[in-house]
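Quick heads-up: it's one chain on its own, the form predicted alone, in structure tokens.
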């Protein structure tokens, strides 16, 4: 009997895992099914460019079927409950999927109501519609107080708010309204970026560009009428335009299944990526509780680890130790404005040592964005 493998979620982690499994496993040895609610794969890092009028929505999404190998089945339905004890994923429309191995790649979802007033009073670039609304707001912004920052932790793609601060500085200079705009960057911790070595690089650049850094600002409420933000620390910030990253929580199906911690993150072994409650269930990407960046890059490096373990189990051998242990590897670009960027490469034990921003890294990120559809989800890099 072929093994039943269900991949829950069709984002970067889900598509990549399914395609790698298809490549590694002999024909007829497994049935690989990807379950996704929409059947559309969205390149979320592109939202930043839509908000800043550097891209349109057309290049941000693809039919998920077009990214999967022919022998990978795609099911479009909503998972409502994961039954680990009986090895099944229950669906909203068509019964249940039984599995021998389950890979959960359900990601993180913004908690728009986690901060009162956040949804009504602020803009964001963490959804396509949010990015498009922000683009329109920036087109008519004529100067004033602009606050940029993080409304709560955890949040996915940690470089994004810092990148936005640098890039909106460029944008406003091009529109010749920067000289009458005050930009303040609000951080809930004691520095601009979650990783100290990266903060040491970006904070002097912020100061040089006139971007004011406000630390220990944990947003408690946002008043839509007064356009005023209040922090848990008792400070207030008035604004004409606010761009805040919402706090995130785990996927609804994880929380409804009682599998996650209070935030809805799956308790996951940091090396094997197995769920701590089941050795036949794996979690990758934003869905886990691992102390690592919630980003597509994380899922990119985690997927081969899971694939090696599943393939080894089906083949009845021990996993290759060199391929079946995740060591926390992440690689991210970080735009610093003025057509320059740097790169962050790190793992559990080694913090990043970002090089000085340069045009080369900016071009590298641009190229990566362009070749993404031909490479990462298809398992070509």
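Positions refer to the first chain, counted from 1. Bear in mind the structure is a predicted one, so any value in this text is a computation, not a measurement.
Omitted from view is the form predicted together with a small molecule, to which the following refers.
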- Assert contact_stretch over 316-324, 338-346, 52-60, 29-37 against the small molecule in the predicted complex, heavy atom within 4.5 Å, equals 29-37
- Query: Going by a heavy atom distance of 4.5 Å, is residue 107 a contact of the small molecule in the predicted complex?
  - Reply: yes
- Taking heavy atoms and a 4.5 Å cut-off, does residue 125 contact the small molecule in the predicted complex? yes
- Evaluate residue 6 for contact with the small molecule in the predicted complex, applying a 4.5 angstroms cut-off between non-hydrogen atoms, and reply yes or no. no
- Query: Just to confirm, residue 78 within 4.5 Å of the small molecule in the predicted complex by heavy atoms?
  - Reply: yes
- Message: Which residue, 281, 251, 146, 202, is the contact with the small molecule in the predicted complex, using a 4.5 Å heavy atom cutoff?
- Response: 251
- Query: Only one of 297, 231, 194, 187 has a non-hydrogen atom within 4.5 angstroms of the small molecule in the predicted complex; which is it?
  - Reply: 297
